[in-house]
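In the block that follows, a single chain appears as structure tokens, in the form predicted on its own.
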Amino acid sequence: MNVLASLPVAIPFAAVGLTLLAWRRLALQRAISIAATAGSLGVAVALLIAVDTDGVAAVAVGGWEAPIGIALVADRLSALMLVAAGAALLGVLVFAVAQRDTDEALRAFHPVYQTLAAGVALAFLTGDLFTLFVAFEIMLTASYVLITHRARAGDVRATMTYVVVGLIASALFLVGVGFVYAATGTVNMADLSLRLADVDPAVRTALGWLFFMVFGIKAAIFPLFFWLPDSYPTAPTPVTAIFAGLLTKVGVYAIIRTQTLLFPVEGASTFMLLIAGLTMVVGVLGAIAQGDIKRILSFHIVSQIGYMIMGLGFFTVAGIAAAVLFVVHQIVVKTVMFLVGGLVETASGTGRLRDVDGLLHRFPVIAVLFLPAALSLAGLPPFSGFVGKLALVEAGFDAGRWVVVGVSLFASLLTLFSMTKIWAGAFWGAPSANLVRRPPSTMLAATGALVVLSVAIGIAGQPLLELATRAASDLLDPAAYVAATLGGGA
């Protein structure tokens, strides 16, 4: 089973090399990329089943045992994130290859996309802070290429903001890793969970908030989200969709992992809940003020991050389980929403609501794809967003945190309002003359498959919540994680 823990990283890295070797054979590149992504998803599903049945899996890279060597560790949380990420990566990849694009652009896309996939997998699986830093750098380097590769002159400023903020966050991350090593003599997270107990409490608290800020920049929490709404809409649809679905969620994963394993607290964190509430409200108010579909959805990335931080802020099994389930739901639904936005742009040539009308009459299939995702984002039953938000509300009631629960419900109502704004602007009314072309059926099929997956998450909400509860229990009692990591996997 331990071998499975290395394959989600090894497969996309191998695909990078193979797609580069096949540079002049676009069809072969496409086949390699799709096969690697599908294979990684299959491995992730097998890994999730294995760790849920048999416990944590760990592998010592190169035979160097932890805490000296690099450990790849798969528990329920990381395996669940891998499955959700793999589904999003595969759906977006199929969508991307269906677009009519230049051969040169697609040749560059595949190796960079696989590099991004490898970085995401490494971030979920690594067992030490420095390798987590490396994983973020792999992801960010690939994202810099993807977001700037075809940027127009007017988009350069927004994309450069993304690059500069990413570099600042990376520098702070590296400084934090240095401080941790100076204080404890290790960067292995399992080992740190034991050694940090002997560090001065003030130093430990300062380190905890430093890492919360670093990962908060990457997750786009309030007030560190300013770079996101201007950067994401400038990229091509597949790039924006995978960024929206994954990159901020990797930041949330890092917050959950480090705050529970390295810097646990007793009881709810009022400061974290305050940040969560502000992130929800400011994000959704920003969305309501926009007139472009991608910008509306970009602000909703920010708003929905607040729900995840809210669940973590309770620091209870129920709260963290709800946060984990909500992350899984958001990876899929947010990816779908941006793919639908891309379909609207393909059909109408623009995503500006004032210039789009009547798509319900011209392309009803796009409207059918939009509705389940939009209602799920707003948290209406029986969709996956409702399951996640209901779990968060129940966890909030159990923790006695009535105010943040009320804020979350208020933000959900405003989210529903913004979804009706898109519906009224893009789909309702008489058809406009802005018809560019019919979206290719493969793009519709890729989006539809992710819509079906999002609906399935809602239908299977109870079993998934039970799985997330087991993952949350592991996070709050990390003995098995520590034992498997320091025991030295095969």
Partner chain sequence: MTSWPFLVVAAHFVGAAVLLAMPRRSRRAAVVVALAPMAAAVVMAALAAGAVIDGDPVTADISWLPALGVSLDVRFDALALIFTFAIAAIGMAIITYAAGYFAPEADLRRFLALLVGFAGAMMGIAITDNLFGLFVFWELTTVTSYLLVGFQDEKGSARAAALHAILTTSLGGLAMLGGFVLLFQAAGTATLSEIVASPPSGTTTTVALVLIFLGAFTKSAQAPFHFWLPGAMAAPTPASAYLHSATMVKAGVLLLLRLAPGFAATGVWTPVVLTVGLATMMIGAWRALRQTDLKLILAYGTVSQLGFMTALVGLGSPVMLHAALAVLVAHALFKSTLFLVVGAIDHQAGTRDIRVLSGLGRRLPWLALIAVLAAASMAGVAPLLGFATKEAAVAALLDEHAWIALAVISVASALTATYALRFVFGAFGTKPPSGEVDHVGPEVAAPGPTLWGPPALLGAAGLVFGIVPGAVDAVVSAAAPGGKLVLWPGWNLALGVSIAIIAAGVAIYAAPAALAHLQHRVAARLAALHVPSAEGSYRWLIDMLNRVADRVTGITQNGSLPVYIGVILITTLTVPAAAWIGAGGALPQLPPLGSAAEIALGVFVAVVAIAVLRAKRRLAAVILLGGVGYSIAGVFVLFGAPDLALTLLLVETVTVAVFAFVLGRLPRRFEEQPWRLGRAMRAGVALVVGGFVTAAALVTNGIRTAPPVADVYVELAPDAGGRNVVNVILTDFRALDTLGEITVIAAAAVGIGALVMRTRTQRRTDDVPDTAREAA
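Numbering follows the first chain given and starts at 1. Just so it is clear, the model here is predicted, and its values are computed rather than measured.
The following text describes the form predicted together with the partner chain, which does not appear among the structures shown.
Between the options 265, 413, 403, 197, which residue brings a heavy atom to within 4.5 Å of the partner chain in the predicted complex?
When the partner chain is considered in the predicted complex, the option within 4.5 Å is 413.
Tell me, which of 98, 145, 274, 353 has a heavy atom within 4.5 angstroms of the partner chain in the predicted complex?
Only one listed residue qualifies here, and that residue is 145.
Whether 67, 115 and 133 jointly form a contact site for the partner chain in the predicted complex is the question; each needs a heavy atom within 4.5 Å.
Every residue of the candidate spot has a heavy atom within 4.5 Å of the partner chain in the predicted complex.
Would you classify residue 270 as touching the partner chain in the predicted complex, given a 4.5 Å non-hydrogen atom cut-off?
Although the partner chain is absent here, residue 270 would stay clear of it in the predicted complex, with no heavy atoms inside 4.5 Å.
Hey, in the predicted complex, does residue 429 get a heavy atom within 4.5 angstroms of the partner chain?
Heavy-atom contact with the partner chain at 4.5 Å: present for residue 429.
Mark residue 365 yes when one of its heavy atoms lies within 4.5 Å of a heavy atom of the partner chain in the predicted complex, and no otherwise.
No, residue 365 is distant from the partner.
So in the predicted complex, does any heavy atom of residue 458 sit within 4.5 Å of the partner chain?
Answer yes; at least one heavy atom of residue 458 falls within 4.5 Å of the partner chain in the predicted complex.
Exactly one stretch in 337-345, 236-244, 133-141, 308-316 has heavy atoms within 4.5 Å of the partner chain in the predicted complex; which is it?
It is 133-141 that comes within 4.5 Å of the partner.
Residues within stretch 230-257 having a non-hydrogen atom within 4.5 Å of the partner chain in the predicted complex
Read in sequence order, the lone residue that approaches the partner chain (within 4.5 Å, in the predicted complex) is 230.
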